[in-house]
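Here you get one chain, nothing else, as structure tokens; it is the form predicted on its own.
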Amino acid sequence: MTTSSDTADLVIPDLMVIGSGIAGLAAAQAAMSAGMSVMVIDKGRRIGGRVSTRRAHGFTFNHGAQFMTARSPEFVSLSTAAIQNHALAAWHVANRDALCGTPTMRDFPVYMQRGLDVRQGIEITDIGREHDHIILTDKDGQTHMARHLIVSAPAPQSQRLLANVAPNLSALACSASYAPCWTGMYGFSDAPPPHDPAPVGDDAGPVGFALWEADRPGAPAANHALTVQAAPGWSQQHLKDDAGDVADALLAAWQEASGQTIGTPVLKAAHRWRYARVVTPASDDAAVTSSCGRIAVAGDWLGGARIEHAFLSGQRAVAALTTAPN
């Protein structure tokens, strides 16, 4: 870390990426492949964004994105390589051919991280521009510099960060909207009773998607963990509820929807994703670079809600920066 008093000794990367989710990692890999020096910073403790996994008291929960699909040649190529490196597995789920991180969903962004300089626990609060450099200030008052910047945070966070330095991109982010998602996580000392391994739930809710973690491809059978994600409408209705109350309500709703009777969990928790699913994406025809040509945006809020959209947006941001006049 450096402060403004010693920036003369700072090694300034060609590109700084805010956010280590799929869009940010895709952007960083594309920039590195183009010969740029890259640094990725993220306010969280782990990479992956909403492609996330939580471990607690011996249980493992994939409590963010549940699966992904691959259609574009670029994402198919990455997914094929990830399968060959045992970071993804084929999975027929929810009546479609899909892909699942293996042994956890977070193993896919871990695979995407290879070779990158990623630094966690850095929350940027202000972005400015000084001549041919982008100046970023974090919550601790420390400054960071780069020649170019890609912001891959969720749209509301991108809107705030870019309001002063790139108002056109801030306005673009303002045009996107999300649905929230509550996720309940339950660990049991005993294996579940015999059951259909297919996920339970639908968007009419309250349960949107739920399954035993051991039913995932490549998952350990000893992980007696149940993940229950609420439907968007239910999540919005209960957005400000206490996490403990939500965990109780979702477990009861799952038992009713699945018809399964289970004992008392030894671990019970709930996590609220405020920006879980893109409802209204920004126009995919809009420019993704600032007027100065040194700042770009990426994220699944640009063009679609799938993990693949986030990946493609990261590649698009790098392409736009490298061709923009600055």
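Numbers for residues come from their place in the sequence shown, where the first is 1. Just so it is clear, the model here is predicted, and its values are computed rather than measured.
The protein also exists as the form predicted in complex with a small molecule; that form is not presented, and the subsequent description refers to it.
Shown alone, this chain has one stretch from 188-196, 79-87, 116-124, 251-259 that lies within 4.5 Å of the small molecule in the predicted bound form by heavy atoms: 116-124. At a distance threshold of 4.5 angstroms between non-hydrogen atoms, Gly58 is out of contact with the small molecule in the predicted bound form. Using a 4.5 angstroms limit between non-hydrogen atoms, Arg277 touches the small molecule in the predicted bound form. For the chain shown alone, Lys268 is not a contact residue for the small molecule in the predicted bound form, no non-hydrogen atom being within 4.5 angstroms. Contact annotation: Gly293 falls outside 4.5 Å of the small molecule in the predicted bound form, judged by heavy atom distances. Scanning Ile41, Ala30, Val288, Ala282 against the small molecule in the predicted bound form with a 4.5 Å heavy atom cut-off leaves one residue, Ile41.
Distance criterion of 4.5 Å from any heavy atom to the small molecule in the predicted bound form singles out Leu161 from the list Leu161, Ala146, Ala219, Ala176.
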